[in-house]
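A lone chain, given as structure tokens: the form predicted on its own.
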Amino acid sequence: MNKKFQQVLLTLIVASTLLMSSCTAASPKTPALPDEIVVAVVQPLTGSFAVFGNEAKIGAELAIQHINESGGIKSMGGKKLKLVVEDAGEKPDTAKLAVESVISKNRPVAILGLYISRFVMAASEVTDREKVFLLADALVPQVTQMGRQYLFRPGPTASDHGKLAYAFLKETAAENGVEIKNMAVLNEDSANGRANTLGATEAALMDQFPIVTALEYPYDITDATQIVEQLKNVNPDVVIHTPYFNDAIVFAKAFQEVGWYPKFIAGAGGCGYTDPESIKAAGEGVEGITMTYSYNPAKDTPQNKKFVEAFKAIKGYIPTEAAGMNYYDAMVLYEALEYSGKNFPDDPLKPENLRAAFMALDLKSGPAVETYPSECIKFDGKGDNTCPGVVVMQVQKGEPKVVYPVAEQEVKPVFPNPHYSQK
């Protein structure tokens, strides 16, 4: 082999090596999926809102368990979900810190929470910046009006709750031949209370139905007898009330102490009166009172029955609103992950791809819809569900029962309130 030929051969080898290196660099590797897909639940697990947060946590845990038992995320090779938990505390600042902490320690693909609307609004600043999805279980309309790109709310809004509470009163009174000429609205002094009241008020004004008084009080109220006396003096036919948990118990006892009940007390907002812990604490005082719920524990589907039985095995009673919302929120996440795995197989967990998956969902069957109080789940550009669902629960003989809409009834509603007297 002469020297000139050797030089040509060496040049070809070098060029070939460079070409192969260039081709390799131009074809980046598909990002490897993690061994487990981390999901976080951030809820108020201590303090005055802990009754909601702890039940929400159980709902999320059961959903993750059921997803994994059913084969995980099949479009991603059966990847399992791993749930991590963080306490949101009692204030927006502690909720924000909790979200920062769980992202820093675990880098979840999504967070389920935080039940209290002002907590969600504070925390979503962090989740959006970090491109971590927040499946919010809060009701205030403003939650999805801040331009957040990675926040989705499968559940209904507080306005939906207030409107349904009014519709229930109007239709049920007519069905039972009970005349109602006016109403009062009553709420605790948070964005949630005001939004529920606004929904009910707007619906009443559309009917030109008189509202004789509107009262607001601090959510940490400890004695409501003066407010009930005010209501008694005005004497409305019906009251639509938006409480949280402790204040609902305070009011139930105040109605008993004052000895006055209107023809009906309809709760709005899913936070008190009819949940099992409220019934246990307030006893006979909540008999006959209703509350709107963002979850239907009586929905007759295989997935919902499975959830209800699993929850009852842990707590001894049917799932509350907070538990139900976190269960179906986790199932919506499951559907989005499955969609992303099928349609973006090269990088299904990339935030932009997963967001596109959420936006493409148009669910009319499957585990999320089977546990949701309407028959479809589809998101608009703000992250709200375009077919929200709400039901009305009533305490009957110490048990919460679904009484409205009529198509969802377990039992017929008792109307007027059993404590009402015409004297």
Partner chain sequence: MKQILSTKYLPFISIFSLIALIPLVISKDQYAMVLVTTVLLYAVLASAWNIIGGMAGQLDLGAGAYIGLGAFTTGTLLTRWNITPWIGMFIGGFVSVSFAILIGLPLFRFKIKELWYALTSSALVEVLRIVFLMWDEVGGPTEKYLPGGGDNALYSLRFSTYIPYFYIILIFLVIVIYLNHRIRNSKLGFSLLALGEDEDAAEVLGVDARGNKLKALMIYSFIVGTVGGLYACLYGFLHPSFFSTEISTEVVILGIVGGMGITYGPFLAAIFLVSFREYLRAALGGELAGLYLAVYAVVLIVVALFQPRGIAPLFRRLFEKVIRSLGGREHESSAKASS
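Numbering follows the first chain given and starts at 1. The shown structure was predicted, so the numbers you read here are calculated from the model rather than taken from an experiment.
From this point on, the text means the form predicted in complex with the partner chain, which you will not see here.
Colleague: Using a 4.5 Å heavy atom cut-off, which stretch among 243-251, 230-238, 145-153, 165-173 contacts the partner chain in the model of the complex?
Modeller: Result for this chain: 145-153.
Colleague: Taking Leu97, Lys105 and Glu130 together, does each of them reach the partner chain in the model of the complex with some heavy atom inside 4.5 Å?
Modeller: Every residue of the candidate spot has a heavy atom within 4.5 Å of the partner chain in the model of the complex.
Colleague: Which residue, Ile67, Leu45, Ile37, Leu363, has a heavy atom that falls within 4.5 Å of the partner chain in the model of the complex?
Modeller: Of the candidates Ile67, Leu45, Ile37, Leu363, Leu45 is the one lying within 4.5 Å of the partner chain in the model of the complex.
Colleague: Of these, Thr201, Ser190, Ser159, Gln303, which has a heavy atom no more than 4.5 Å from the partner chain in the model of the complex?
Modeller: Residue within 4.5 Å of the partner: Ser190.
Colleague: Taking the partner chain as it sits in the model of the complex, is Glu257 near enough to touch it, meaning that at least one heavy atom pair lies within 4.5 angstroms?
Modeller: Looking in the model of the complex, residue contacts with the partner chain do not include Glu257, since no heavy atom lies within 4.5 Å.
Colleague: Using a 4.5 Å heavy atom cut-off, state whether Met76 contacts the partner chain in the model of the complex.
Modeller: No - in the model of the complex, heavy atoms of Met76 and the partner chain never come within 4.5 Å of each other.
Colleague: Classify Lys82 as contacting or not contacting the partner chain in the model of the complex by the rule of any non-hydrogen atom within 4.5 angstroms, answering yes or no.
Modeller: Judged by the heavy-atom cut-off of 4.5 Å, Lys82 is well away from the partner chain in the model of the complex.
Colleague: Contact between Asn54 and the partner chain in the model of the complex at 4.5 Å, heavy atoms?
Modeller: Asn54: contacts the partner chain in the model of the complex.
Colleague: Can you name the residues of 109-123 that have a heavy atom within 4.5 Å of the partner chain in the model of the complex?
Modeller: Sequence-ordered list: Ser117, Arg118, Met121, Ala122.
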